[in-house]
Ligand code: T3D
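In the block that follows, a single chain appears as structure tokens, in the form predicted alone.
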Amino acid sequence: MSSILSELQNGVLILKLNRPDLLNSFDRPMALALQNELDKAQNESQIRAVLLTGMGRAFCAGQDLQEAISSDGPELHRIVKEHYNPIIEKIRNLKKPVVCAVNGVAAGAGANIALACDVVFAAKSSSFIQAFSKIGLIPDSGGTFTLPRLIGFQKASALMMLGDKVSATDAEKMGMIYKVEENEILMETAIETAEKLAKMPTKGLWLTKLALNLSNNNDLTAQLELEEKLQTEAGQTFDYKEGVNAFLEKRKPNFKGE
């Protein structure tokens, strides 16, 4: 059975990590399969948004350590360079919104992959752990970049060094994720949100995502100039014209992501 389950529903590519017996921990085939699905989302016009979640009782426990220590498995630097770095870059550079539904524990690379997504929901029973320090490693998968920007330097530093488990409720309070949902309605809420985003002007959403990506390295003047450039580009899209016309004509817009 595939380690990534894929389904297209109402413009949303639903991706489910599918190694539930190993808490959806990543091995090389699973990492490469996820990369392939993200490439498909980028290239296929009928896909307007992506929803990422896990099968079973976990979202993702990070790296499959058995593979990492196996004599015939990929070396650690290859795991980071070829498995996780491309996943994070593909999520952040995907020209479509990515929703994440964290259905259980998200540990190590699993936590940081979730936090790289655009809108993150978490089940009330789920948790987040920067587990790297417990085995003598550093946070990867963009964790040292993303987490301090979400929750601040001091909290990120403490969580990464201590490896504390953070409940979904506390993650929401500290700004790590968007919202906590009751377990029973997590997927319903995530799917509704992804389908809502899929019907929105996704070209404009991509330009918003791009502006957020580049804001990490810009000063205010550079960011204002970037906003001017991207706003001009957004104003040339079909969706902008459609949105304005629909507003003036008091009707529901029909966005195309163009």
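All values derive from a computational prediction rather than experimental measurement. In this text, residue numbers run from 1 along the sequence as written.
Another form, the form predicted in complex with the ligand, is not on view; read the next lines as being about it.
Student: Going by a heavy atom distance of 4.5 Å, is S25 a contact of the ligand in the predicted complex?
Tutor: Although the ligand is absent here, S25 would touch it in the predicted complex, with heavy atoms inside 4.5 Å.
Student: Quick one: does D64 come within 4.5 Å of the ligand in the predicted complex, counting heavy atoms only?
Tutor: So D64 counts as contacting the ligand.
Student: Considering non-hydrogen atoms and a 4.5 Å limit, does the ligand approach K199 in the predicted complex?
Tutor: K199: no, not in contact with the ligand in the predicted complex.
Student: Within 4.5 Å, heavy atoms only: does I135 come near the ligand in the predicted complex?
Tutor: Contact check for I135: yes, within 4.5 Å of the ligand in the predicted complex.
Student: Out of A131, A156, V119, M187, which one falls within 4.5 Å of the ligand in the predicted complex, going by heavy atoms?
Tutor: None of the other options qualify; the answer is A131.
Student: Choose one stretch from 94 to 102, 77 to 85, 148 to 156, 174 to 182: the one whose residues place a heavy atom within 4.5 angstroms of the ligand in the predicted complex.
Tutor: Selected stretch: 77 to 85.
Student: Verify the flagged residues I4, D39 and K90 against the ligand in the predicted complex: is each one within 4.5 Å by a non-hydrogen atom?
Tutor: Per the other structure, none of I4, D39 and K90 touch the ligand.
Student: If you look in the predicted complex, which residues in 92 to 122 sit within 4.5 Å of the ligand (heavy atoms)?
Tutor: Stretch hits, in order: V105, A107, G108, A109.
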